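What follows is one chain in structure tokens, specifically the form predicted alone.
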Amino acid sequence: MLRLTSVEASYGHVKALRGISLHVGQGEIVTLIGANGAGKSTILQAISGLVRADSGSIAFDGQDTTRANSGQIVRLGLCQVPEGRQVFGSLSVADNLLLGAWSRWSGANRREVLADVQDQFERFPRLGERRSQPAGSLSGGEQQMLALARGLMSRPRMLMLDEPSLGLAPIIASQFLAEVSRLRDEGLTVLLVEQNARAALRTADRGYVLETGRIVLEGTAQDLLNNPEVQRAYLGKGDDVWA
């Protein structure tokens, strides 16, 4: 469904991605793990059209999106839920959801969009209870629910999640990743960047390990969990890490 081939990207004179090649198959959860600054978020931004690739190619569902803008990419069915949630704090929960469907908002689709808002309230009942509250008044976990629901409002075929557990209590983070697994079971494809490598690999089907803008390891999630180098560098002591 998604394929990157030899992608390089820079911030000014600093090379952030160095020959990144990876793929995500339909119905998979694929995770990117690595230290801060390894290039994980830059990969998502390059796919989303927020960072322009210097070279290489990006294709989504067989269509070259290397030079596409973010709006075009969302309309193709590829949506990113950003790091830090970035909800519109002064707007209500319901209005945040409506903004997630901006690419679909037309006279013919408005009734459909409003039905999707109700679907998200059924998926996340806590959001339904707070539908009229300003999004900025929600807890961190509730804001993360809202960010995910807002992303789903575009009806994506593939969702990219950037550090969804950041700042969340362990039990809330675990529940969130369980919801990501349920979305995969419903047919959604997911590319996941997650600070907790063990939890990410327990959620994912496959993974890639990045160091300084390069992919240094790839494999099934179980193979990476069992890899001594990955265990030593990223997985800590195991059972004391939430997942």
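Heads up: residue numbers just count along the shown sequence, starting at 1. Computed from a predicted model, the values in this text were never measured in an experiment.
Beyond the structure shown, there is the form predicted in complex with a small molecule, which is absent from this document and is the topic of what follows.
Of the candidates Ala16, Leu224, Ile20, Val24, Ala16 is the one whose heavy atoms come within 4.5 Å of the small molecule in the predicted complex; the others do not. Note on contacts: among Ser48, Ser174, Thr66, Thr42, the single residue with a heavy atom within 4.5 Å of the small molecule in the predicted complex is Thr42. Note on the interface: of 184 to 192, 66 to 74, 52 to 60, 31 to 39, the segment with non-hydrogen atoms within 4.5 angstroms of the small molecule in the predicted complex is 31 to 39. In the predicted complex, the small molecule stays beyond 4.5 Å of every heavy atom belonging to Glu142.
Contact between Asp116 and the small molecule in the predicted complex is not found at the 4.5 Å heavy atom cutoff.
In the predicted complex, the small molecule lies within 4.5 Å of some heavy atom of Glu163. In the predicted complex, Glu83 approaches the small molecule with a heavy atom inside 4.5 Å.
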